[in-house]
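Shown below, as structure tokens, is a lone chain in the form predicted on its own; questions about how it binds or moves come after it.
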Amino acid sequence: MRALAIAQRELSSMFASATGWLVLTGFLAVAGLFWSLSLAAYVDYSQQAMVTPYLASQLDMTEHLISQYFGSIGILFVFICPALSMRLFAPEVANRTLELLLTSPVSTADIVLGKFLGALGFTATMLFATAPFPLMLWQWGNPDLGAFVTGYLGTLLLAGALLSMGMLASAFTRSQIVAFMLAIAGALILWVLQAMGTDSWQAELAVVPHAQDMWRGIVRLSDLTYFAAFIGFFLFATHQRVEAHRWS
């Protein structure tokens, strides 16, 4: 499949540059810091629960540690995903190499899907490289494995949503900086829409509540449908924008 070949090329280009390795290293360093802080807060809460029966009844590793950790990773992706997606189309438009790609024997759908999968593959590599952090918990207890699985799933879907939106921004401009700022603005708007109230239609559009359920170990069909529709919409919009370049 041509899309997979394009995805492999995108993924290889990220790992072939020093920037890609710096992003990966920096992400792991910050994620490790977040994990240490989350673990320290959970240990402190556990110590308080030992002398307070009410706190002991509320002690939940999934709620007070696992979901908090994945929430912190989600905040990181609000900034990392726009940085990754800004380079997907903007440099090719500026350097006029997109015209060469469009005249090659690949469809626009293959180009869009391939670039998206390449960026998502790099993001997944960063995300799953953090797996040793939560695995440490098995040395001292018996945490909920399902919560970790759904937590990684929810975070990966969140990253996919942010990447698809950033890719559309990148297809609309020649400047990577402009694409980055547009994607950051869109991500922040989606992040804060939940403040409109849980019963409002604006809150339904917010990306965080749909990921939070998975961070807590709960997988709902409505959340999966939301991410599928979100990613599908922005991939389709990007396809239409890139197709316009073919005929311009």
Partner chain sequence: MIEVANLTKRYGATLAVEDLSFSVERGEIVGFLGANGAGKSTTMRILCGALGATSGTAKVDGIDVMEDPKAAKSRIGYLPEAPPLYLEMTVRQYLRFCARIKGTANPSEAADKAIGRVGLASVAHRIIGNLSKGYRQRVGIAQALVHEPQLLVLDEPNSGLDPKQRAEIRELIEELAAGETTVLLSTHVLPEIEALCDRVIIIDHGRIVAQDAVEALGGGMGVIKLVVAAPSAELAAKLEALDGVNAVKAKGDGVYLVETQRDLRAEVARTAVDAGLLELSSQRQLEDVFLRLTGGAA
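Bear in mind the structure is a predicted one, so any value in this text is a computation, not a measurement. Positions refer to the first chain, counted from 1.
Although not depicted, the form predicted together with the partner chain is the subject of the following passage.
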Q. Applying a 4.5 Å heavy atom distance criterion, does residue 9 contact the partner chain in the predicted complex?
A. yes
Q) Do residue 125 and the partner chain share at least one heavy atom pair within 4.5 Å in the predicted complex? A) no
Q) Does at least one non-hydrogen atom of residue 240 fall within 4.5 angstroms of the partner chain in the predicted complex? A) no
Q: Using a 4.5 Å heavy atom cut-off, state whether residue 100 contacts the partner chain in the predicted complex.
A: yes
**Q.** Residue stretch of 173 to 181, 88 to 96, 160 to 168, 145 to 153 approaching the partner chain in the predicted complex, non-hydrogen atom distance within 4.5 Å
**A.** 88 to 96
